[in-house]
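Two separate entries follow, structure 1 and structure 2, each one form of the same protein chain as C-alpha cells.
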Structure 1
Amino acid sequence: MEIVLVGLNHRTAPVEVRERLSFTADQARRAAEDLRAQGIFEETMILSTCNRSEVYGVPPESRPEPAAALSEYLSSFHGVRADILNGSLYRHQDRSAVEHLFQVSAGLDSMVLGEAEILGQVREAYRAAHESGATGPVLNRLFQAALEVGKRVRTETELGTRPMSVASAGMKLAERIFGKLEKHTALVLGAGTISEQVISQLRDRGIGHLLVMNRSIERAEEVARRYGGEVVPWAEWEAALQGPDIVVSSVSAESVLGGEVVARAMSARKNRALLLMDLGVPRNVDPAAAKLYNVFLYNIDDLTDIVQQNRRARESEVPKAQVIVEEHVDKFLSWQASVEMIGVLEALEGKMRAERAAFLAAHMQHLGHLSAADRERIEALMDDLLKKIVMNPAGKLRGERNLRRKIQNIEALRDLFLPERDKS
C-alpha cells in the first residue's frame, strides 16, 4: 500500500517547463491507463493545473523504484528530455506524499496562498479518475480525505477570507497599468473556469466594455449573457485585437496569439497601449510579443509579486491550517497501517492454520490411543489458541481507534513471520 507522488509546480519549474508537462483530460486518462498497463501502478490519479502537474499512484508490492519508473514515463509521454525534468521534479512517498496532497487541497501549496480554485480542481481530477476506473480503495480514501481537509481549512480558518485568485491578481495588475477600468475595453479569450473568474473580476471593477470569444459560440453566448458582455466570433479574433485595452487569454491551446499577429494589431491600433495577460498553460501568447512597443505581456508566473503581498496578509492563518492537515495525515496513515496490519494478521492466520493441519496430520497417527472425542478437543484447543494469538488482535484493530493510531510501521512483523511473501 505504498503511495508515490512525482510532480512539479510553480516553485520548482518555470512556466516554459510546466507547460510541457501539462495534461489535458484525455491525456490524463490515457496516461493513467498506460501506467496501470505497464505495471508501474495499480491505482493512479493525475492532477494538472496551470501551476502544477502531479501523478499519484499505488504501485504493486513487487515493483522496484516506482518513482524512478514514473519519472521516466513522464519524460517519454511528453517528449521532454530527462535532464530538463530532473531539476524540476519532486518525488514523495507515503507520509510526505499524503501531506503534500493535503497541503495542496488546503491551498497552502498554491502560488496564491489560500486560493479558492484548487479544491475544485482536485475534486474534478479525482472525479474523472474515479469514473474511468483509475483509482482504487487507497486513492479513493486518500482523495476523499484531501477534499475534507480543503473544506475544513476554508470553514475553520481565515485562509480563504478576502480570497485572491489568479484572476483577481491579474486584474490588480491591470489597474496598476490603466487605473480605473470604467473607460476601458477588455477581450477575454476562452470561457472556462479561469476565464469566467476573470470576467467576474472585470465586471466587479466596472469594466466599460466586455468582449467574450470562445471556440464554442454557445458557451461564449452563455457567459456573455450572464455578465452583460458582447460575443466576438472566434474566426474574427485577429481583427478583434485592434479595439480592446486588455486581452486575457486562458484557452487549452498553445500560441493562439503569435508575435506577428500582435504586431499587425498594434499597427492598426497606432500603438495604443495593450495589456496581454496570458493565463494559459501551455502559454497562449508568443513571448516575442513582449518586445513590441507599448505591449505589456504578463504570463502566470509574472503575478508572483502581487501574490506575495497577498501571502503576507494571510500567513498568520497558515499554522491553524497546518494543524488540520497534520490531523488528517495522522488519521489517514493510521487507517493505512490498520489495513496493512489486518492483511498481515489474516495472512499469518492462514499460515498458522496450514501449519496446524500439517502438525495434526503428522502427529495424530502416533496418538492412536486417543479417542475421536479427545482428538476433536485437541483441535478445538488449538483453534482457541490461534484465535487468541491472531483473531483477537485483528478484532481490536477493527474496533479500537486509539490502537490504530499507535500502528505506524509493521514491516518488522511482516519480515519476522512472513518472510516468504517477499520472495513471491
Structure 2
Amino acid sequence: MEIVLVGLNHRTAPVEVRERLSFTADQARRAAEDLRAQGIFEETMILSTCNRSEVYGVPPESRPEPAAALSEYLSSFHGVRADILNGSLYRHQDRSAVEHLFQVSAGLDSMVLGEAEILGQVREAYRAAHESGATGPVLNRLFQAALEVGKRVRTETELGTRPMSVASAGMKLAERIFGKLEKHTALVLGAGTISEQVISQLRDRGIGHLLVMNRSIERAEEVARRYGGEVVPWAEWEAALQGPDIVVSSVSAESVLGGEVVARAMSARKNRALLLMDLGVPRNVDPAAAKLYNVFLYNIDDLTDIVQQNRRARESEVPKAQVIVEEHVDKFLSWQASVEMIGVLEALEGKMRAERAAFLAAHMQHLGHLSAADRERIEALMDDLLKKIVMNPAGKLRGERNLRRKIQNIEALRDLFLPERDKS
C-alpha cells in the first residue's frame, strides 16, 4: 500500500513550466481516469493550483516504478518534453509523500507562508476526485487527515492570522480603527495595479461605499465598473476628501494631498477619524498630516514594515505547525501499518494453508496404511503446529504500539515468509 506523489511547485518550476503542467477540473478528472485505466494507480487525486500541480496515487502492488510511469504520463498528457519536466518534478513516496501533502494543506509549502486559500483548494480537489470515484480508502483517509491538519494549524497556530501584503495590511489597519467596514466609505486615488489590489481587498472586506478617482476618467470608470464603485471626477478631489473614512492614494505625483488640504478636509468632516494610506512613490500625502487629530497616516514603507513583521511572526509559528504535521503523519502511517499488517497476516495464513496442503499431498501417498480418521488427525495437528509456531506470534505483532517497530515487524514478516510480496 504505497503512496506516490509526483509534482512541481513554485520552488521547483518557473511559471512557464507550471502553466504547462496545470490541470483544469475536466483535465484532472480525465487524467485520473487514464491513470487508473492504464494500471499506474488504483486510487489517484490531482491537486492543481496556480503554484503547484501534484498527482497523488496508490499504485497496484505489482506495479514497478509507478513514479517513473507517472512522470512519463504527465509528459505525454501535457505534451511537455521529459527533459523539461525532469528538472522540475519532485517525487515522494510513503512518509515523505504524506508529510508533503500535510505541509501543503497547512500552508507551510505555499509561496505566501500560511496562506489560507490552499486548504480550500485541497478540499475542492479532493471533493472532485471523490465524487468521480478516483479516490479509494487510502486516499480518502489521507486527504481527510490533510484537511484536519490544515484546520488545526489554522486554529492552533498563528501561521495565517496576519496580513502578508501591503493591501491586506492596510485593510487590517482600517479594521483596527473602524471595526467592520460595511458602514464606511473608501476613496481610492489612482487606478493602477496597487490601487486595484486595494480595491479588491476593500470589496472582500465588505466596504460600504467605494469611490474611485483617477486622472484618466475612462480607466476610473473601468475599475469602478469592475468592482461596483462610483467614479469621482479628478477636479473634485479636495471636496471628495470630506466624505470617506479611508483614503488610499497611489498616483504618480508628489504631494497630491498637502497638509493644509487634509487639515481643511478634517475641519469640514468635524475631525471624524480618517485613515490615509499613501502607497505612492514619491509620497502623495504630506507627512505633516499625521499630526492632525484623528488622522492615521501610513505610507508604503510603514505598511511594508508591518508586512515584514508579520512575515517574521508567521515564520516563528512554523515549528508549532510542523509538530502538528508530524503528529498527523505518524497517526496516518500507524493506520496504514495496521491495515498493512492485516493484509500481511491474511496472506501469510493463505500461504501456510497452501504449503500444508502441498506438503500433505506429497507425503500422504506414502502413508496409505493410515485410516481417514488418522489422516484428518494429522492434518489437524499440522494446523495446530503452524498456528502455534507462526500465526500466533505473528498476530501478536499487530498489537505493537511503536510505529517504527510495527513497520519493521511487517517488513520482517514479508522477508521471512512472503518474499514474493516484498516490493523491493
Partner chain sequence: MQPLAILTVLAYGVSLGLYFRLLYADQKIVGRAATAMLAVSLALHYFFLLERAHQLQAVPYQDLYGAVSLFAWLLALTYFGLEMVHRQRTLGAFLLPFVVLILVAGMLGRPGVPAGPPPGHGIVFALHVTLSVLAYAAFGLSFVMSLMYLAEETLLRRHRLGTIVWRFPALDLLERMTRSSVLVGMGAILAGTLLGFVAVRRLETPVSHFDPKYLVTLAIVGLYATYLYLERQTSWRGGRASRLCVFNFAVILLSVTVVNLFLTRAHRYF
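Definition used throughout: the rigid core is the maximal C-alpha set that superposes within 1.5 Å between two forms. One-based numbering along structure 1's sequence throughout. All values derive from a computational prediction rather than experimental measurement.
Remark: structure 2 matches the stated condition (the form predicted in complex with its partner chain). A displacement of 2 angstroms or greater separates the C-alpha positions of Glu379 between structure 1 and structure 2, with the rigid core held in common. Positional change of Arg356 between structure 1 and structure 2 reaches 2 Å or more at the C-alpha, relative to the superposed core. Fitting the two forms on the rigid core leaves the C-alpha of Ala239 displaced by at least 2 angstroms between structure 1 and structure 2. Taking the core as reference, the Cα of Tyr227 moves 5.8 angstrom between structure 1 and structure 2.
Relative displacement of the Ser200 Cα between structure 1 and structure 2 on rigid core alignment is 3.7 Å.
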